[in-house]
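Just the one chain here, the form predicted on its own, laid out as structure tokens.
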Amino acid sequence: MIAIIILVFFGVLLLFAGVLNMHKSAMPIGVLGLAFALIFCFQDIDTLFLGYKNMFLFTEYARAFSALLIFSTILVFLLGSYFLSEDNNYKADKFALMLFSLSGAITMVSSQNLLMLFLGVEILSIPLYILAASQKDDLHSNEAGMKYFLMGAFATGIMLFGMALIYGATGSTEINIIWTKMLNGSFNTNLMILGTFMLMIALLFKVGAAPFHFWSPDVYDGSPTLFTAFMSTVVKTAGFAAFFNLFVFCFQNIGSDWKIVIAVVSAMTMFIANITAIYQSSFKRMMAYSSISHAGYLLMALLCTNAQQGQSALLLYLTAYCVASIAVFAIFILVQKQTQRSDFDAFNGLGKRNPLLAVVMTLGMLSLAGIPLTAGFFGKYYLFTVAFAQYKPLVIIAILNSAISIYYYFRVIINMWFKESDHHAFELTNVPLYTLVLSITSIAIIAIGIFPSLVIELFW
């Protein structure tokens, strides 16, 4: 609860900084607020606010994913110092919107009431609609913001309808009361099943799973790259953490039908995303389909019969995914600004122009592909292991799709190391914060790849 208050306070502070034209101070102010929020995620003082009218519950689960969300946002903020360097008029406002969106993400993770979950989703989404369309002179950005808004509005309506049906079935919106009534069998079965599936559809939209993924490629491609990185990491992490918290901890007693649906959606998402990604010529669209494919893998965590193993697998996978994705988007921002291109050829000869960037990009691609000795490998290995007990065919499908994904991830690596480029060498001397971000993400990819238990032992 205190972390949310801190984020909102610093978000308002950034708005005043924008009014006072203190745009150069916006990034340090935002990072300071995020650092305070991260510290309070680990402080016992949060236990004073374990519940506000039974709306919040900061368990170890909520703290772990809140810490991951804040840490990822800090890295994105550091990237924003360079990406938004030419946008002095609205820099502070954009940083403030990301803080407000992050507060919604933490609200989703820690919510113990369906109404608070809905408010968290809206607080997360509304600033993102603005950020996606923030490049007003770019038609692709305008299109991304409009599509994201319209699709989000439909998903919101479906979510509210589902929550209303669940309230009608159980007489409450509190997750603990709903869980108790389902355990005792004192609920309207038909209303509960229909409401659960409508809520599932809305959450599948938020995490970008098929067949509700159609908005992701256009939104990811049209949005400014910094906000694409934010959406693909922070938003996806919040969506899956809330998804797991609601369905695994609350809806387990409703039956296994929803798990069958999740298994089918998971397999469909993996195949559609990985096969489509092969044919992409735009790097950002490829990363959009890559994000969708990872959503297919992550859905397998909801199928684990052991909730403790499932949440550990989810945390490890999302941590590996976030650090690799942020590293990849950081390098893409640099390459795109230098070459003015967004296709795969923008990476041609990067190994000769700047070996450091090429090495970090290679690490990021290898981790996303799940190659051994990287964080992504152990994220997939642990997730596949805990899901293998009851869903062997789905795990086999996931392994097959991981092999398919190697093609388009290695396409970037081949362009960097084996193709020539006419562009001059790129120096990192003017972007020291990028060096810091690349160092942190590279160390994290390697460290988690060698000692994967560090992430889980940090929180549980």
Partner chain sequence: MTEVIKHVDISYYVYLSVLLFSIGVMGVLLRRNAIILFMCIELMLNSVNLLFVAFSSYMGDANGQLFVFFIMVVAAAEVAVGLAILVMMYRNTKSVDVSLLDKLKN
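Residue numbers count along the first chain shown, from 1. Because the structure is a prediction, the values reported are computed rather than measured.
Note that the form predicted together with its partner chain isn't included here; everything after this is about it.
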Fill in: Interface stretch in the predicted complex with its partner chain - options 379-387, 264-272, 290-298, 128-136, non-hydrogen atom within 4.5 Å
128-136
Worksheet item: So in the predicted complex, does Phe197 come within 4.5 Å of its partner chain, heavy atom to heavy atom?
Response: no
Worksheet entry | Contact label in the predicted complex: Phe118 to its partner chain, heavy atom within 4.5 Å | yes
Practice prompt. Answer for Ser281 alone: is it within 4.5 Å of its partner chain in the predicted complex, judged on heavy atom distances?
Written response: yes
Item to complete: Answer for Val235 alone: is it within 4.5 Å of its partner chain in the predicted complex, judged on heavy atom distances?
Response: no
Discussion item. Its partner chain is absent from this chain, but in the predicted complex, do Phe347, Lys392 and Asn401 each have a non-hydrogen atom within 4.5 Å of it?
Written reply: no
Worksheet item: Which one of Met163, Leu334, Ile201, Val248 is close to its partner chain in the predicted complex, taking close to mean a heavy atom within 4.5 Å?
Response: Met163
Discussion item. Going by heavy atom distances of 4.5 angstroms or less, which of Asn354, Ser81, Asn142, Thr225 would be at the interface with its partner chain in the predicted complex?
Written reply: Asn142
Worksheet item: Looking at its partner chain in the predicted complex, which residues in 150-183 have at least one heavy atom within 4.5 Å of it?
Response: Leu150, Ala153, Phe154, Thr156, Gly157, Ile158, Leu160, Phe161, Met163, Ala164, Leu165, Tyr167, Gly168, Gly171, Thr173
